[in-house]
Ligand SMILES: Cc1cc2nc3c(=O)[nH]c(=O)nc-3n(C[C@H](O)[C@H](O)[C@H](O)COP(=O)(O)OP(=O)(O)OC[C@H]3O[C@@H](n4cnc5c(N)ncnc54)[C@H](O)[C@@H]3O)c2cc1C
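Next up is one chain by itself, shown in C-alpha cells, the form predicted alone.
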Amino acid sequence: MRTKAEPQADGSYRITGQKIFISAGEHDMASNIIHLVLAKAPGGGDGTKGISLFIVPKFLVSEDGSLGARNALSVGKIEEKMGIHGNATCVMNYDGATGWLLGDLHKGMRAMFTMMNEARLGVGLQGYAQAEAAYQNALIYAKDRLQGRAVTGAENPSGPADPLIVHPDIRRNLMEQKSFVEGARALTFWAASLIDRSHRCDDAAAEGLVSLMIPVIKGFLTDKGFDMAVAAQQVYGGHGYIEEWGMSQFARDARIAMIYEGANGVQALDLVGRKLAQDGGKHVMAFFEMVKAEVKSHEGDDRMKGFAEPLKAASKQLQQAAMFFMQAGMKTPNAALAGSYDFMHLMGHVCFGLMWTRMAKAAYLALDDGAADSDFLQTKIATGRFYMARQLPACGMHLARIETGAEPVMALAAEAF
C-alpha cells in the first residue's frame, strides 16, 4: 500500500517501494522477468480501491523487442522457507523503476481479480498434486516393504513376512489418499471447464458457479492435500521421518498451498461472507439444485444407492448449515464466521460426493457397454464407495460444529489465552 507510482511525461510511471513474497522474483531461467506490481498513483484515494496495476520489467524492452537497460529494481532478500526450495521467494525493491499502467487507472484490484479464479484453481491443483506424488511413493513402499503377517493368514508364505499392504490400517490409509486424489482431480477439471465456459461462451451461470467453487477448491483441496501427504509419510513408519526417503519434502512443499493465494481461513470467510449471498444467493441455490437433480436421476438404480443416498443426506446437511448462517448470522455475525471453516470443508465433501457419484455412473455405463478396461472401472467404483461410506460422514461432524454458533469459539477473553 506504500508503493508509489509517479506519472512521467512519456506516459510511463516511476515505481518506488517494496514488495514481499514475490515468487520467482529473481532467477536465471529467462532473459527477462516481467513483474506485475500494485502501486498507488496520485488521485487514487485511500484503501485498496485506489491502487493501480503496472508492468515493470527487469530489463527495459526496446521498440524492436530487444532488451535494453536494467530497470531500477533489485532483490532485497531471498526468503528461507519451509519448502518449495525450487522457487526463489523474494523481497523486491523498486527504486524509481520504470513501469507502464496495465488496465484502467485506480482499478488495479479489479484487474488482479481477473486472474484470481485461475490462480486459486492452480493452487488447489498443487495441493492434490503433492498428495498424488506422495501417494504413489507410499503405494510402492506398501507393496514392497515386508512387515508382520496378515491376521487372516500368511499372504506371502515363501517370504519372512507379508507386505505392508495386507494390513487393514495401511489399506485404510491408502484408500483415504486414493479416494481424495481422484475426487480432487475430477473436481478441479470440472471447475476448469466452468472457467472455459465462462470465458469462451460468455456463460454467466458458469462464472457464478465457479466463483462459488473456487474458495472450496483452494481451501479444501490444499488442507486435505497436506493431510494426505502426511498420511503417505506415515505409511513409511520411521523411514518417513528420515530425509533419505524424501517423503518429508512432500509434506513441506504441500504446506505452502494452504497459505498463499489467500490463506485458507480467508477462503472460508470469502465463501460464507461473500459467495453464498452473491447475486442474491442464486449460485449456491443452483448448486443445490444440481445435486438434487443428480440424486433424482439415479432413482430406481440399485447400483447407485451407495452413492445417491449418501450424497442426498450430505447435501441436506450442507443446506441446513447454510440456513443456520442465514438465521443466526443476521443477528450474530460471529455465529456464521465461527463456522465458516467447517462450512468450507462440509461443502468440499459434498462436491466430492457429487464428483464420485458422476464417476461411478460413468463407470457403470462403460461396463454396460462392454468396456475393455473393466478392472479400472471396477476399481473406480470401489474407490468411490469407500469415499461415500468412510469420508462423506464427516459432513455430520462439520454441521454439528457449525450449529454450536460463536459462543464456544469466542468464550475466552483475549488475555485468557
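Given the structure is predicted, the values throughout are model-derived calculations rather than measurements. Numbering starts at 1 and follows the sequence shown.
Omitted here: the form predicted together with this ligand. The next part is about that form.
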message: To verify the annotation, which of these, Ile140, Ala263, Met326, Val75, has a non-hydrogen atom within 4.5 Å of this ligand in the predicted complex?
response: Ala263
- prompt: Among Arg171, Arg274, Lys81, His239, which has at least one heavy atom within 4.5 Å of this ligand in the predicted complex?
  reply: Lys81
task: Select, from the options 223 to 231, 82 to 90, 300 to 308, 140 to 148, the stretch whose residues sit within 4.5 angstroms of this ligand in the predicted complex by heavy atom distance.
output: 82 to 90
field: this ligand contact at Ile256 in the predicted complex, heavy atom, 4.5 Å
entry: yes
- request: Answer yes if any heavy atom of Leu269 is within 4.5 Å of a heavy atom of this ligand in the predicted complex; otherwise answer no.
  value: yes
task: Tell me, yes or no, whether Ile22 is in contact with this ligand in the predicted complex, where a contact means a heavy atom of each within 4.5 Å.
output: yes
